[in-house]
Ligand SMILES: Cc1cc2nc3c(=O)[nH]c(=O)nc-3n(C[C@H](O)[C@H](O)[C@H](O)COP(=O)(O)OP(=O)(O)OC[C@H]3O[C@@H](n4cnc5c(N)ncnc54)[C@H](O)[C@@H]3O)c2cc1C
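There is one chain below, alone, in C-alpha cells, taken in the form predicted on its own.
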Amino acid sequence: MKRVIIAGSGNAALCAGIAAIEQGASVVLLEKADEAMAGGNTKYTAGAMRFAYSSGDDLMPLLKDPDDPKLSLTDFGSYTQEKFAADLLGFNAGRPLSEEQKALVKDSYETVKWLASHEVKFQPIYARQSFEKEGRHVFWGGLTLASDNEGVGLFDQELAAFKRLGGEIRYDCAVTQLLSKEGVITGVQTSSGETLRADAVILACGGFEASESLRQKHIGPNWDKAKVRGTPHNTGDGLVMARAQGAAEYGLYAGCHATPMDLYMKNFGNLDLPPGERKKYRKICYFLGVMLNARGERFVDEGINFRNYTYAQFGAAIMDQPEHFAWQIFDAKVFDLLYDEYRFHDAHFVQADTLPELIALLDGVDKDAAAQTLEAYNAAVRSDVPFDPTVLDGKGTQGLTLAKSNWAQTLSRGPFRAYPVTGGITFTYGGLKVDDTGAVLAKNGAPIAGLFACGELVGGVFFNGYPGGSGLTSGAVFGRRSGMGAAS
C-alpha cells in the first residue's frame, strides 16, 4: 500500500485525500493549525461551487434535500461548459484559456458529482444568487449551489468523508521541509522535528496571502495594508519548499482574489466570531449603488456585470485608491435588496436623511467633489429603462466619463447610507506548474518524482480575476487529480 502525505487540510487537501484513498493509498493529512483553525481558507468561504450544468435536472443528485417543494418554483437555467469557459476568458486580459482553465471547466460537474457520491451535499443559494420574479425564484450568474452551513459545512462534510474512508489527520503539525534522495521526494520534516516517510507528498497548504512581505514582493507595495480575510497560516510555505526542490514558478504572481470588505474588519476574518459569520464582513452589493474614493470620485463601473464576476477585481481596485478605501453609497430604494452582511451587527455605516447630510459624514473624502460626482450621476441615470436585478437590465447612465452600465438608479429616496470599505485578500494566483496527474514540474519541465500539488498552489488557473465560486471548484478538481496521481 502506498503512503501519501498531504500538507494542509482545506477543500483541496481533503479532496486529494479522498481520491488517494479511493486508489488504495494510506493517507495522512498534516495540518499546521490546531483543530479549531484547521481547514485553511475553506471555512472562510460561502461554500459555493461554480460548475457547468445543462439544466436543473443535473443539480438534483447534488442536493441535500431534493424533495424541497421550493424547487418546483425555481428556475436554475443552465450553465454550459462554453459559458464557463467564456466567463474565465473574460478575466484573462487577452490570454487564451490555459490548460488548467480547460481542465477546470471540463471536470467541474463530474468533480462536484463525485463529492456528492461521498455524501458532500449542497443546497440552492436562494439568498444571494436568486431574485423573486413573477412568483418564481430566478437564478442568475451561473452560480447556484453551496454547501449547507457554507464553508464550515463543506469542510465538515469533506473531513467526515475522508475519515469514513480511513484517512488520518494530525493537527499542530506543519510540514517544514521536503525530504529527497537522488531527486525523488521521500517524505517530510515536521515542526515537531519528526521525520515521516512517504511514497508521495501532496502540497495543499495554500498561497502566500497571509505574508505581508510576499504580498509586497509579488503583488505590490500597497498590499501590506490589505485585510486578510482567511487563515493566518497561508504564508507561502509550500511555494518555498517546492522551489527549494527545483520547482518552477507558474501563473500570475501579481494577481489575487480580493473582495470589498468592511474597513474596520480585523485581519484574518475576525477569529473571535464563529467561522460562518466571518464572511459577513464582505460588502459586495456595490452594484446597487455607487462607490466613491477619497477624491470624491467613482472609480469603477459598479454595474458592468453581475457582482460574482466583479467583486474580485473591485476589491483590488479599492487597494489602488488613495488611502486604500472607498465608501459604498445606497438610498432607501435598495435597502431590502442588500445582503445580510449589510445588516450584520458589526457592519459599520453612516446614515442621514438627505444626500448632503450623508456626504458631510464621509470621513476622508473631498466633500465638494463627492457632491458634484453624485449630482452628475443622478442627472445621468436613464429613466426610460426599468430596474431588474435578475438580468443585465441595461438601466445605465448617459454622458458620464465613467458609466454605470446596469442597475443605475438615482440616489433620491432617504434615508441614505454609506459603508466604508477596503480590499480584503482571500487567495493568491501565482503558484506551481503541475501536469495532468497533479505532479509538480521542475524548471526543465520534468516532473519532480513524488511531489504533487493542488489548491492555491496550482498556478495558471486565474489571472486578472475570476467568476465567483470557481476557487473551491478548482481546489476540488485539482485536489482530486493530485490524489489520484499520487496514489497511482
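From a predicted model like this one, the values you see are computed outputs, not experimental measurements. In case it trips you up, residue 1 is the first one in the sequence shown, and so on.
The next section is about a form of this same protein that is not shown, the form predicted together with the named molecule.
task = Look at the candidate spot formed by 83, 284 and 312 and say whether the named molecule comes within 4.5 Å of a heavy atom in all three of them in the predicted complex.
result = Zero of three within 4.5 Å in the predicted complex.
request  = Sort through 229-237, 75-83, 216-224, 97-105 and report the only stretch with a non-hydrogen atom within 4.5 Å of the named molecule in the predicted complex.
outcome  = After filtering at 4.5 Å, what remains is 229-237.
task = Answer yes if any heavy atom of residue 465 is within 4.5 Å of a heavy atom of the named molecule in the predicted complex; otherwise answer no.
result = Contact with the named molecule, no.
Non-hydrogen atom contact residue 16 with the named molecule in the predicted complex at 4.5 angstroms = It does not: once the named molecule is placed as it appears in the predicted complex, residue 16 has no heavy atom within 4.5 Å of it.
query = Might residue 455 be said to contact the named molecule in the predicted complex, defining contact as any heavy atom within 4.5 Å?
reply = Yes.
Contact label in the predicted complex: residue 422 to the named molecule, heavy atom within 4.5 Å = Contact check for residue 422: no, nothing within 4.5 Å of the named molecule in the predicted complex.
ask   = Pick from 291, 175, 418, 288: which has a non-hydrogen atom within 4.5 Å of the named molecule in the predicted complex?
value = Of 291, 175, 418, 288, the residue with a heavy atom within 4.5 Å of the named molecule in the predicted complex is 175.
message = Give me the residue from 304, 241, 210, 347 that has a heavy atom within 4.5 Å of the named molecule in the predicted complex.
response = Exactly one residue meets the criterion: 241.
message = Can you list, in sequence order, the residues from 190-209 that come within 4.5 Å of the named molecule in the predicted complex, counting heavy atoms only?
response = Heavy-atom contacts to the named molecule in the predicted complex: 204, 205, 206.
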